[in-house]
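Next up: a single chain in structure tokens, the form predicted on its own.
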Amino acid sequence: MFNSASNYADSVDLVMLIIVGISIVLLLGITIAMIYFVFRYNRKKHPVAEQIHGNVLLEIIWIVVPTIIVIVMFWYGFEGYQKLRADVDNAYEVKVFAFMWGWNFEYPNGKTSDTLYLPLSKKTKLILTSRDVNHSFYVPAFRLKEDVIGGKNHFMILTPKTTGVYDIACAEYCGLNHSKMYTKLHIVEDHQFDQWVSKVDATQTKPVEEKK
């Protein structure tokens, strides 16, 4: 139903559908109740208003049902997030530096680029920091966003499920050219990535394409 680039994105979409479904049920229930009360207690049938006193059973239901709904929504969201943050073992690490108004990526062998390239079959841990003001690293196709703060290292786990090119944006207002703070994430086959990253040349920003 939704275009996603990782299994985590699928879980986020599921949580969203659950929340939307609950919201639709509540909307229909409230709307039907309102229509019922309009006809059931209109002025012709009840010219004199009556005071309705408290009803313990209704009050308990009104407290318990919304509490259960909120807990269900929270549990689905937190479960996926907890698994994502705990899944850091054997991850390929890339340092991400944010600055006004761009991105810089540094790989374990010292190679740098202004566009992020990652291998398809590897889980990647992005270590995020800012060189100046606060930023936010946002990859919509992965449903992931993490604040990037100067003097602190935050991290993000990316586990792609398909090759492709995806947007990277800054989701925290960071000054005059904030709206232009975009770059690309390229998920490529492992052998293409290995060829590219092994060439420690900051001017090279595109993996070697496989000859056909």
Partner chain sequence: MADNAAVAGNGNYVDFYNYKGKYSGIAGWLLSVDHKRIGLMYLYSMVTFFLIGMTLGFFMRLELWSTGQDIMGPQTYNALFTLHGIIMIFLVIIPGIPAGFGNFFLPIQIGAEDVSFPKLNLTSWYLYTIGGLMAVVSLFVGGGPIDTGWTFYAPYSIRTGTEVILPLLAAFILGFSSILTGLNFVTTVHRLRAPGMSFFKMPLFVWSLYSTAWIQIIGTPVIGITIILVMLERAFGIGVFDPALGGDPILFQHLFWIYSHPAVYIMILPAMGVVSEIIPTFCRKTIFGYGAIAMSSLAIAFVGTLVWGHHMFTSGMSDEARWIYSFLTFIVALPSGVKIFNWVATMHKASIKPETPFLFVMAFIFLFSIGGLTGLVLGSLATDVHLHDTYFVVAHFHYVMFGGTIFIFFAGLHYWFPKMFGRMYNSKIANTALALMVVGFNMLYFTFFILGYLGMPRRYYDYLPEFQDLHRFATVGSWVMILGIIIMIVNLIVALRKGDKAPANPWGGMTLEWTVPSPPPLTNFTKIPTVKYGPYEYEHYEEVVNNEH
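If you're wondering where the values come from, they're calculated on a predicted model, not measured in any experiment. Numbering follows the first chain given and starts at 1. In this text, rigid core is short for the largest set of C-alphas that superpose within 1.5 Å between two forms.
Missing here is the form predicted in complex with its partner chain; even so, the following discussion is about that form.
- For Leu144, a non-hydrogen atom is located within 4.5 Å of its partner chain in the model of the complex, even though that partner is not displayed.
- Proximity of Ser198 to its partner chain in the model of the complex: non-hydrogen atoms within 4.5 Å are absent; the residue sits far from the partner.
- The closest non-hydrogen atom of Ile127 lies beyond 4.5 Å of its partner chain in the model of the complex.
- The closest non-hydrogen atom of Tyr117 lies beyond 4.5 Å of its partner chain in the model of the complex.
- Contacts between 80 to 95 and its partner chain, taken as any heavy atom within 4.5 Å in the model of the complex, involve Tyr81, Gln82, Arg85.
- In this overlay on the rigid core, Arg40 has a C-alpha that sits 2 Å or more away from its partner position between the shown form and the other one.
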